[in-house]
Structure formats: structure tokens, C-alpha cells
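What follows is one chain in C-alpha cells, specifically the form predicted on its own.
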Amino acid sequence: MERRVLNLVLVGVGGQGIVSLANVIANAALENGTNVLVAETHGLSQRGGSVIVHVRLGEAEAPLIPEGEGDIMIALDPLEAARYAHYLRLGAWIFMERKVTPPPLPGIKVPAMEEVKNALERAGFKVNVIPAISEASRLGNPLGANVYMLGAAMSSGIFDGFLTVESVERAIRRVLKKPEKNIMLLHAALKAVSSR
């Protein structure tokens, strides 16, 4: 049976482009003729605070994803993936950045990425660790880790029927600065992750 709704949780910290990524996905969905609802909540995001955006593709009736019903998470920080994992259903995909961004507080012990990954896998999630920040920097667009992560997530096939690569490319051209560099990152991630 074909899925009627795809629930996507986007998380990170302020400055990582989570809201911009949500705009790309929403625009790409509309380009593809897919209904979309978006709800963003962020605290001191301008100062590196926590950011979460709910994106519901398809026939959803409300913008917020009920706890335990998320299908996929794109996390630009492992600590934020752990913080918001309660929004995901068992077996959901998590595409998680490798680099941990420590909170700007002195004396805080931060778990290693491997600890976070192992805990999330024990909780029943499928975790893919993606070096999006380092790859985006290596490819000449250090602010494009969000788009690289989207490409990695799209390689799983979970967006099939909701988004296409072409609709994402058109959305990137409309929403982001440096569109050609971002489209290059999207394709680099699609190629790198699908060849694993």
C-alpha cells in the first residue's frame, strides 16, 4: 500500500540552515504536486540554540507530527537527534551528521557521536552517519551541509512519490543563494551514499 503521508523531522542548532532546508523541501514538494505542511519551533536559534522543524508531505491534516509518528529525521547535530528522537516511530530512518556541536556552556560533558548512534540504534532506529559538514567544506560550500544531508536522505528512496531530484533542484534555485554549488552538493551526496 502506498504511503499517504511522510513525516519528516529536521533538527539542528541555529546557523546550520534547518529552516532553509525546510523551505527547500516544502518548495520541492509543491513543485512535485505534493501537499506539504511545515511547523518550525526554535528557541535562541540565532545563538546556536536548538531548532526543530516538522515537515509533513502528503495528506496530513495538521502541521505538527505527533510523537512516535515521524518516518525520517535529518539531524545536523547528533545531540539534537537524541533530543528529538521521541518524535520518530520504531524503525524510522535517522540521517545524522558525524560532528557533535558542543553546547556553549562550560563544564558540560558531551557524549561522543558513537555513543549517540549506539543509543539510537538500541532504541530501534536505522541510523546513517553522514559527514555532511566535512564533505560540504571539502567540496567548496561549507554552508551547504544541510543540502548534502538532504541528498543523503533522498538516496534511501524514502522520498519517492513525494519529491524528485528535479523538483529539489528547482526549489534550490528559488530558495538558496549559490544554487549551482548547492545542486552540486545534492548530487555528490546522492552518488556517495547510494554507492555505499
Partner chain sequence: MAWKEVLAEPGSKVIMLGNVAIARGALEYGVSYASAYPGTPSTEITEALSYAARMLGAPYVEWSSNEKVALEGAIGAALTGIPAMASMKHVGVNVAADPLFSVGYMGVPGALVVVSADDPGMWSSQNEQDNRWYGVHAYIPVVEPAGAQEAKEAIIEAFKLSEKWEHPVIFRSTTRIGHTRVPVEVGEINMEGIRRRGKFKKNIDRYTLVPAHARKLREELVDKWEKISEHLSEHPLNWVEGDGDVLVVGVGLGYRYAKEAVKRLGLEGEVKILKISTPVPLPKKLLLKHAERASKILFVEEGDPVVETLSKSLFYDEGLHVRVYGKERGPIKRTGELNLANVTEALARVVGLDYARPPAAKVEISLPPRPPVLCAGCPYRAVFYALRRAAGKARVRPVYNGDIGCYSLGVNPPFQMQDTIVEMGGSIGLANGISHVVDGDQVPIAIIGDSTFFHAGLPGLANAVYNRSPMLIVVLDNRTTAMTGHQPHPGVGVTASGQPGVELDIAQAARGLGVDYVKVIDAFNIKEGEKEFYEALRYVKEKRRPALVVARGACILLAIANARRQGVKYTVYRVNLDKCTACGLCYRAFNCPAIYAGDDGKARIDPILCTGCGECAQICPFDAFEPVDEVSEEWLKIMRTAKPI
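Positions refer to the first chain, counted from 1. These numbers were taken from a predicted model, which means no experiment stands behind them.
Omitted from view is the form predicted in complex with its partner chain, to which the following refers.
- The partner is absent here, but in the model of the complex a heavy atom of Leu30, alone among Leu30, Ile158, Val129, Val165, sits within 4.5 Å of its partner chain.
- For the three marked residues, Asn23, Ala82 and Glu115, a heavy atom of each sits within 4.5 Å of its partner chain in the model of the complex.
- Though the partner is left out of this view, Arg56 does reach within 4.5 Å of its partner chain in the model of the complex, counting heavy atoms only.
- Its partner chain is not shown here, but in the model of the complex it comes within 4.5 Å of a heavy atom of Leu120.
- Although the partner is absent here, Val19 sits close enough that one of its heavy atoms falls within 4.5 Å of its partner chain in the model of the complex.
- For the chain shown alone, Ala60 is a contact residue for its partner chain in the model of the complex, at least one non-hydrogen atom being within 4.5 angstroms.
- Shown here without its partner chain, the chain has Glu67, Gly68, Glu69, Asp77, Leu79, Glu80, Ala82 in 67 to 82 lying with a heavy atom within 4.5 Å of that partner in the model of the complex.
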